[in-house]
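Take a look at this one chain, the form predicted on its own, written out in structure tokens.
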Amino acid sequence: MLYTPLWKKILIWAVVALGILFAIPNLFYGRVEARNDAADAAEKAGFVTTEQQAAMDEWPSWMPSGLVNLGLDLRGGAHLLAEVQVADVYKTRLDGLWPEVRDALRDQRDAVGSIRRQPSEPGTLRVEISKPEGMAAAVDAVKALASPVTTLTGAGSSDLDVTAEGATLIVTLSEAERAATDQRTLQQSLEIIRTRVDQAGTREPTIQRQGADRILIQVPGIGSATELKQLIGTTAKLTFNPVVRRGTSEDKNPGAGNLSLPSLDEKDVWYVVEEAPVVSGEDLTNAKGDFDQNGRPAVAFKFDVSGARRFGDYTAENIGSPFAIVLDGKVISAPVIQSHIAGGSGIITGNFTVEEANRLAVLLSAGALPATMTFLEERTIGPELGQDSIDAGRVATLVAAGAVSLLMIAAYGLFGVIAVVALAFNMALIFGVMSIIGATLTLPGIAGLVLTIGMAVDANVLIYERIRDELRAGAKSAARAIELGFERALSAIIDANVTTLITAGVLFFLGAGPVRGFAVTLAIGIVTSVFTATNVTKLIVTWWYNWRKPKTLVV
């Protein structure tokens, strides 16, 4: 008799049952995916539409609903390679520095005379002084505005380089500050792109820095590269400005401190607004798609504490006055303030569709990109191509599984059948684990699955050959041969799979994109194949042996 403790039997079959349970949703991929999309959309909106409820009812709520995510090469989607124009930030920094430079030089007026900003290339600030003999004082005054660079590589450096050329003072960012600025700009761009893509509800996007100033963006499931560019490439700079007046044409002379901006929706309507906003999109803490009191799509927003206080104070002091909501230099709407708006929340109305309102909410929540981006590569991978890959991968997996099953049955008879049953459990466990952790299946990942099929029966081959060895060596009984076969094959199985697991770990941590997908599938397959070979197979063999009690054992 072969003996396995009851607790161990229960534990092994519980793990197998859970693996199968979590793998089942992948058999109903479209239905479960529609249910998940509807549930996510309802959660974000705060209410459930009839269509969403119908989609959610298609899959029982008590069943797991996790799916193996399909990568870009299987689902189809969009690929972009963007170059971030980091020099834009240099220009913005120096333009913002000009008022401080002007004030500092004014304090030295007796020494430097009058000052005048000169035209210059972006990223350089040139200031002409009327008394060149006072240039040393001018340089000292501007250098006093510099700050230390806070990065490790720039330690000991200041952020500004100040030089003189005749009567012209030249201010640029130092090399250390440019490097630090580039790093911050890339990191901020990555975070904003990731936020925008995540909030749009896409699955498993790949957003990675490439080189000094490029970002790779791959988003499965999105319709086209153009759609992706619209999602991540829009500036989405939001401000709330006091309205000075409204007109039917652009005002070429709106007055000092004012801007003349066109209306987004109203033809031939222009607004003159104060240049300094009361609050801006940087003060937003939340923005989401909503509906106004007439049931039209709108965007609900909420400010942080300081933004809410400024917004509340302004609305309290300007009841009856129009207030412009400006997005990317265009006036979305200019509602009249009807009452004091406390709490810092409100809605933006306009001629939005539901999709436009949700998209605007996503853009506002993520903030404005720090610099413009130039798209060097853009590709749209159609879902048909992805479906072809899935079909080819499915055929490859079935052929591999069929060939391995036939070989195992031919070589080991009944024990081969048991190995095939364990292999089926192994595949279910792989999909169950991938569904639980939300792993992404790519075309290389399918290759990892096929490889796992071969490796899984490798362990069974080792066990069965050890059992044969024990039988040939004259084991006391068939039960003892089985027991020794599993025990003595275990170390070889562990050694072989640990080395492969290390390789998978290296691929995961040093690789990217599809290589990582392959590493994830391979690593999960190694763990589950060892589990099924050494536990599930043994349990089935034990059950069969105790049931049939054969006098001789044929392996």
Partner chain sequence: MAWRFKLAPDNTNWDFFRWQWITFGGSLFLSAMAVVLWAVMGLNFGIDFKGGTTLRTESTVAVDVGEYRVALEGLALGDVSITEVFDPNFTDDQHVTMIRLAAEDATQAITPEQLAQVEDVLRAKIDPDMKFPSVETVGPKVSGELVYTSVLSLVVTSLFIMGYMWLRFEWQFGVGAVLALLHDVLITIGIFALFQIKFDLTIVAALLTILGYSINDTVVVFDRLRENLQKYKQMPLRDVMNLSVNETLARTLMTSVTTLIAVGAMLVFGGDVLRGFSLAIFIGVLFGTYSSVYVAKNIVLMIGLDRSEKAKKTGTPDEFANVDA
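Between two forms, the rigid core is the largest collection of C-alphas that superpose within 1.5 Å. Positions refer to the first chain, counted from 1. Note that this is a predicted model, so its numbers are computed, not measured.
If you look for the form predicted in complex with its partner chain, you will not find it shown, but the lines that follow are about it.
In the model of the complex, at least one heavy atom of residue 454 sits within 4.5 Å of a heavy atom of its partner chain. Contact annotation: residue 61 falls outside 4.5 Å of its partner chain in the model of the complex, judged by heavy atom distances. Not displayed here, its partner chain is kept clear of residue 196 by more than 4.5 Å at the level of heavy atoms in the model of the complex.
Interface residue remark: residue 466 is counted as part of the site for its partner chain in the model of the complex, having a heavy atom within 4.5 Å. Look at 61-69, 48-56, 494-502, 27-35: in the model of the complex, residues with non-hydrogen atoms within 4.5 angstroms of its partner chain sit in 494-502. Contact with its partner chain in the model of the complex, judged by any heavy atom within 4.5 Å, is made by just one of 229, 245, 302, 296: 229. Of the residues 144, 319, 376, 212, just one reaches its partner chain in the model of the complex with a heavy atom at 4.5 Å or closer; this is 376. Contacts between stretch 428-459 and its partner chain, counted in the model of the complex as any heavy atom lying within 4.5 Å, involve 443, 444, 447, 450, 451, 454, 455, 457, 458, listed in sequence order. The two forms, fitted on the rigid core, differ between the shown form and the other one by less than 2 Å at the CA of residue 470. If you fit the rigid core between the shown form and the other one, you'll see the Cα of residue 447 move by less than 2 angstroms. Relative to the superposed core, residue 484 shifts its CA atom by less than 2 Å between the shown form and the other one. In the model of the complex, the separation between the C-alpha atoms of residue 438 and residue 210 shrinks by 3 Å or more relative to the displayed form. Note on residue 505 and residue 210: their C-alpha atoms are nearer in the model of the complex, a change of at least 3 Å from this conformation.
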